[in-house]
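Shown here is one chain on its own, the form predicted on its own, set out as structure tokens.
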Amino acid sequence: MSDAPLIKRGSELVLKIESLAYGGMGLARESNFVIFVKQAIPGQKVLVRVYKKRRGYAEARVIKLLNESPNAIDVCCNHYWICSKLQSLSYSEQLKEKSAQVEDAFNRIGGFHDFKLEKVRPAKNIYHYRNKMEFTFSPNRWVLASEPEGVDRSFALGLHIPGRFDKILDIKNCHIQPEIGNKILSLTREVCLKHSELRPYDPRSHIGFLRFLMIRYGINTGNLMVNLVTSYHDINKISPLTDALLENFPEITSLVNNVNTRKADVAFGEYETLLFGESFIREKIDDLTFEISANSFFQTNTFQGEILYEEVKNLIGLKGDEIVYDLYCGTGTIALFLSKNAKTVYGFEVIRSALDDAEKNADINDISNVHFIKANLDTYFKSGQLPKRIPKPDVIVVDPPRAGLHKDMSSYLPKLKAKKIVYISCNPTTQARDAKILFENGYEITRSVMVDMFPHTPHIEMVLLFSK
């Protein structure tokens, strides 16, 4: 640690990358001082330049690769570092690194010094697995160093450069979405470049028409939705693009136009116009059918989503007489999945549109033993809003946002006195923090499973079973 002050912004160092840090950066040490390195993988020896120095750590980027990692593999695309980040690391090593990150979080943050991940469920498909992709139109194209000089910077259709709200990398081919999505992407770009009125929206000046191209796939049904998000309503202006899409892709079962007139850079429209087909796609999980609208939440990896729900069901071991609470239930997928093995399931969610989708999907599947309740779970139970007619739970399933449980929710959860709590999380650091609170209130971690939902990315999905 004594050498740490010698490291400053602009310092150049030769480092050996030891492991992956949570979030996907390479982790190295110089005299026990931690340095996170962008676009580096374990096993590489690299020359780096420090661009940020903080108390306790620094961040750096690779200037030159000196020795390649033995676990490096060929990549499919030249822009993987923007979205997938881990594509240059073999899949088996990705799983090992993610497992190590989980165990480190529970040892270091949760204080579970003997925690060992019990089970890992690898992905069935490591490419073409996403059932939803969202691409941004922009007049401010980010040009890669590998691209030729003189590239037109006035149009892009692709993904955000990390840390830049106004710069978009033009994407020709995305390897984690189904192949038809790349064909739709290419045709959309081609049509827009031919029609000057199809002008991309500029988030700085707030001028322009086209904002987002969203594509949703029914992996098990073959349904296909294209959602064009515009800054205002003009069916005539958008018709060259919609006509071309329908003419070239008979697979499209839903074509909608969401209108977002606000400055907020989101693909969620204030209102929607149905242009073709139905306003939703259908997807199947196990023997359940779900209707998914443009703005509905649904697990973005259908195959791994089904594995996740199976693991939840297996961990609980329902016998048929249990009362189950599904907290942060969203559109009710888990609640409906568990319903046939439980007496009654109660789903709690604050977003009204999500509850509407949940109730609709219960009707579609003729499920009557699931009830959905609008509830802000930060305060709902603590403030005594739970109706007395609703029985106390035998089992609780909780799947909170990335930030984890609100402190009032995590402290109140044990007071519901459920025999089992299943905690699903996409952030093992906040899950480890909350697990410590549950442990202090009499619950022990009895099972742990990692389900790899997003190969080639740093994202981690964890399932824990807590028992009294």
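Since this is a predicted model, take the numbers as computed values, not measurements. Numbers follow the displayed sequence, beginning with 1.
If you look for the form predicted together with a small molecule, you will not find it shown, but the lines that follow are about it.
**Student:** Based on heavy atom distances of at most 4.5 Å to the small molecule in the model of the complex, which listed stretch, 376 to 384, 357 to 365, 69 to 77, 164 to 172, is the contact stretch?
**Tutor:** It is 376 to 384 that comes within 4.5 Å of the partner.
**Student:** Though only this chain appears here, would Tyr309 touch the small molecule in the model of the complex if you measure heavy atom gaps against 4.5 Å?
**Tutor:** Tyr309 belongs to the contact set for the small molecule.
**Student:** When the contact criterion is heavy atoms within 4.5 Å, does Val350 count as touching the small molecule in the model of the complex?
**Tutor:** It does: once the small molecule is placed as it appears in the model of the complex, Val350 has a heavy atom within 4.5 Å of it.
**Student:** Would you please decide whether Tyr328 lies within 4.5 angstroms of the small molecule in the model of the complex, comparing each non-hydrogen atom pair?
**Tutor:** Taking the distances in the model of the complex, the answer for Tyr328 is yes, it comes within 4.5 Å of the small molecule.
**Student:** Does Leu224 reach the small molecule in the model of the complex, with heavy atoms at most 4.5 Å apart?
**Tutor:** No, Leu224 sits far enough from the small molecule in the model of the complex that none of its heavy atoms falls within 4.5 Å.
**Student:** Looking at Asp408, Glu30, Asp399, Glu59, which is the one with a non-hydrogen atom within 4.5 Å of the small molecule in the model of the complex?
**Tutor:** Looking at the other structure, the residue within range turns out to be Asp399.
**Student:** To verify the annotation, which of these, Thr230, Ser254, Ser296, Gln299, has a non-hydrogen atom within 4.5 Å of the small molecule in the model of the complex?
**Tutor:** Going through each option in turn, the one that passes is Gln299.
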